[in-house]
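Structure 1 and structure 2, given next as structure tokens, are two forms of the same protein chain, each shown alone.
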Structure 1
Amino acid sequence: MSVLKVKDLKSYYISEVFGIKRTVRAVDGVYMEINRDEVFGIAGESGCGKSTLIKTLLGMIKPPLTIVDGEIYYDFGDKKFNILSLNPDESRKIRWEYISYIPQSSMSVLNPVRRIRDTFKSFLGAHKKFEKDELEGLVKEHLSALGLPTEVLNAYPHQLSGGMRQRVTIALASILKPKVILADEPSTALDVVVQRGVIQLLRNIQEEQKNIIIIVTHDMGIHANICDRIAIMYAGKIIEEARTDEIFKHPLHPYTTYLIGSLPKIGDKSYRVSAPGSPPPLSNLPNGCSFHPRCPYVMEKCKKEFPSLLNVEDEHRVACFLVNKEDDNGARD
């Protein structure tokens, strides 16, 4: 059963400076459906719109970010809503209890002049009423369950390593057992050993709480280790989506093939080839398929039309004329 349905979402940055209007199509016609109890990955190069998509799923819409079109439906059984139709008070009530967020930087959440204990107290107190002893016990129990030392509660953020700060941020995002956790590059700037610990912590939380985790990262290795399904984004659109094992064994879009092919392999010293060129600016996208200037298989049709995201195999969708040869830009599957 699906918990989240995204239909034709268009989330643009629209600004006007000195009479000149500029539109950045960060999320441009995205369709997604995410099921209960799964880890869903969103991959792609920097600047493809991944972080904007995550913010939009949380309902964090602040100018110049503008919703041009689309719907985001959540179905939690006891609570169903289109997050884009909620007012600020309604949005605040569902955040952290139903939908929580792990930002790229832990210092976006942790106050540098407050001890970790005080951050937990102010955070929890803003969403639920607790007795003092009850709150302290809840925090310590949660940290212990995640394998974190309760001594971190006495520390200031600067006294913790980057990896420990990120673990504390994850603990903060999961303490109220939300139905959905949105993680935006949760292992950025961490070394590979610490990354592994952070990703394993997320997986443990998901297995214990049986919630949904939507994780954004450009690192395909992380997706391979934690995700059940992966969506590939390019220039504001999802261009391929499949189960993790399927997308690694049988990538269909040329861009996905480049992403996976660029991963290093143990014992393989051959030169890794990445996609030629660079992504187009989201404020000035080419006509047709946005990847066509970089694609070695480009056809005339690719320069004029954008292929629909269609089912080509079981749970495997792709937007590419190489695969969808009969695509007439009809309705998406």
Structure 2
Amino acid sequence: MSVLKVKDLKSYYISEVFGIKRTVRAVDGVYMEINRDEVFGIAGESGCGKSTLIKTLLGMIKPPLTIVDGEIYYDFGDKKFNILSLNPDESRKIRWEYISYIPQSSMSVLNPVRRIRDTFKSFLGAHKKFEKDELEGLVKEHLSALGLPTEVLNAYPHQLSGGMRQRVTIALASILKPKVILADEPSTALDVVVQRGVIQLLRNIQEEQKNIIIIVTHDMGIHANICDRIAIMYAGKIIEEARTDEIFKHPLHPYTTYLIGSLPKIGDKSYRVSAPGSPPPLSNLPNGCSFHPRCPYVMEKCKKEFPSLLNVEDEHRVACFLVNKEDDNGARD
């Protein structure tokens, strides 16, 4: 059964700077369904709206981000809600207990003048009342389970290495055993060795707590390593979605093909072709399929209409007229 269901989600950055209006269609009609106990990966070029999607899923809507359309249903059995219709107090309660978040850059997300201990206290204290030593004990236990020395509690963020900081944010996100963890590029800016440690950590947590992890990264190696299912985003939309091995073996969308095909491998020096051109600005998308200016198989139709995300085979969905030859514009649930 699905825990998370996203329907036609459109969240735009609508801003007006000194009279100049601008709309960035960062998430532009996304449908998603995620089941229990699943690691779901989202990949895509930078700036295609991944972080925005994550923020929207968390219900962190602050101007200029505006939800134009869509619904996000969570169903935790004991609690069901559309996160977009909660009031601030309710959504504050949901966070961290049900849905938590690992931010993209751990560099600046920790308060530079507070010790890690205090950060733990304020994050946890906001959701549960703890006895005096209970909280400290819980935190220490959790940290050591994640392989972090308890000394970090006394440290200030700047005293920790990037890897440790990222691990602290992971610890923060997982300590209350939330049902959903949203991880936004949890390992970029980390050393490969540390990155490996962090990714393993996430996997351990998921195996233990059986929660959903939605992980965003554009490192396909990471996806290959951890995800059960992967969605590929391009210009605010999901253009392909399938099981991990399926995507790596049979990418269908031309963009996905480029992506997978251009991945270098040690031991293989053969020439890699990468997708020509560069991604379009989200505030000024071309008509039709947004990939068409870069697509070698572009057809007339591609320049006018946007292909919808359709099932090609079992759990493999693609939005491309090359694949979805039959004209099926049927409504979807």
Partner chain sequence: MFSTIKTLFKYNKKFAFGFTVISILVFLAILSFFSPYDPKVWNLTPRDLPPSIQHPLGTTSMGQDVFWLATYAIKNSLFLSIISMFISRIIAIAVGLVAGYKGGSLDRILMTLNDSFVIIPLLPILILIASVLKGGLNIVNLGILLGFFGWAWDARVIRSQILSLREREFTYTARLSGMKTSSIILKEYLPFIVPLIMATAMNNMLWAIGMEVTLAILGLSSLEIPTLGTMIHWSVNSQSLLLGIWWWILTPVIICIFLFISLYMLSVSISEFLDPRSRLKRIEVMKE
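Whichever C-alpha set is largest while still superposing within 1.5 Å between the two forms counts as the rigid core. Everything numeric in this text was worked out from a predicted model, so none of it was measured. Please note that residue numbering is based on structure 1, beginning with 1 at the start of its sequence.
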property	result
Correct structure when looking for the form predicted together with its partner chain	2
Rigid-core-superposed Cα shift at Gly19 between structures 1 and 2, Å	2.9
